[in-house]
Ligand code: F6P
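Starting off, we have a lone chain in the form predicted on its own, written out as structure tokens.
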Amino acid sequence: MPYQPSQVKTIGILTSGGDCPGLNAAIRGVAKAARDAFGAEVIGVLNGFTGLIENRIVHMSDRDLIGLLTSGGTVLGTSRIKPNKYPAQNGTFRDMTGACVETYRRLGIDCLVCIGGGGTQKNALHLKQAGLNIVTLPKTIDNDVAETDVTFGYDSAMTIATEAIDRLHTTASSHHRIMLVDIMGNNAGWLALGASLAGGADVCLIPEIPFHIDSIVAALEHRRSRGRRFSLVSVAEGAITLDSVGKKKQKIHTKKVSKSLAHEEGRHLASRELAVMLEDRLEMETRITTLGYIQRGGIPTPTDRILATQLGVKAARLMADGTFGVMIGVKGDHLEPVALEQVAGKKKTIPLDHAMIQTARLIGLNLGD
């Protein structure tokens, strides 16, 4: 199609934060629309905001977009580096916002597309305040970005978690065990709750609802009284309780282990403590399966491919119209620009009156309260 009038001639694209399925589809959507419909040059910034700080870029051609729709991960690479908190020597940090601005200006970029979750939205707002034209896309498997009904990556991760619960049903029933499934979601329980409803879990513990061991034990005892000799318990990594599990969780960082190991141990301490208590109270074998980064990997679902593509194309249209400083949010059947100030620093948790929670209660899915 012929080029449409556009306010931008050169765009930059970066992916930041945790990886997830659909990132490459979003890159492709932005780049194809920007190039083919609006005649813009596309520059890929490598490894998140690190690439902007260190001037690590690639000029993207049509050949670079081949095969991206169906591939997982991100061809541009990613990192969690913040522009204003760049690691320096001896555990210190430097503010490299000026380097980001310099790279942006030197390359002649008219707008930077930042694709990522909550942290990316905050960093993008920081660069907007430094004078850069910014448009962002909402990405995260946790589905916890504010001002959007859904993020891409969520459906793919929920599909993976659901398949894991499906598979654990057979081994749990064969051995008459309680199976605990660790699912990502530190601040919000969208992923754990969605997979639990889709996979038929018996208990689902999420950050929004502090759990009580007595409630879980009662639910599993009731199942056993009805002849159910196994149970599936899904545990979001941010699940909390008011008893000893929560207290011990706070002590994990006092151990003399590496920062990365402490982080990983801290993620799922609740499920390990819970497993011990359930096995003791119910006298049933209890096993834990931690899905971890498997939830981030692999190819995106068709739903995420379509959503990521639509968001990318919408970004190209907004830039062509000269609309900057926004995230593109999903609002029902529409994609709408939302000011970054309304998004940055906020989390979308599950409201306690949400339809998914009401559905869970009415079908007997125990939420630990």
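Residue indices: 1-based, along the sequence shown. Just so it is clear, the model here is predicted, and its values are computed rather than measured.
The following text describes the form predicted together with 6-O-phosphono-beta-D-fructofuranose (F6P), which does not appear among the structures shown.
- Contact annotation for the candidate site: R177, V203 and R287 all lie away from 6-O-phosphono-beta-D-fructofuranose (F6P) in the predicted complex (no heavy atom within 4.5 Å).
- Using a 4.5 angstroms threshold between heavy atoms, N186 counts as touching 6-O-phosphono-beta-D-fructofuranose (F6P) in the predicted complex.
- Contact check for E237: a heavy atom falls within 4.5 Å of 6-O-phosphono-beta-D-fructofuranose (F6P) in the predicted complex.
- 6-O-phosphono-beta-D-fructofuranose (F6P) is not drawn, but in the predicted complex it has a heavy atom within 4.5 Å of R296.
- Among residues of the shown chain, R224 is not one whose heavy atoms approach 6-O-phosphono-beta-D-fructofuranose (F6P) to within 4.5 Å in the predicted complex.
- Residue I141 is the only one of A195, V113, I141, V145 with a heavy atom lying within 4.5 Å of 6-O-phosphono-beta-D-fructofuranose (F6P) in the predicted complex.
- A heavy atom within 4.5 Å of 6-O-phosphono-beta-D-fructofuranose (F6P) in the predicted complex is found for exactly one of R272, R80, H169, K85: R80.
- Looking at 195-203, 178-186, 211-219, 103-111, the stretch with residues near 6-O-phosphono-beta-D-fructofuranose (F6P) in the predicted complex, meaning non-hydrogen atoms within 4.5 angstroms, turns out to be 178-186.
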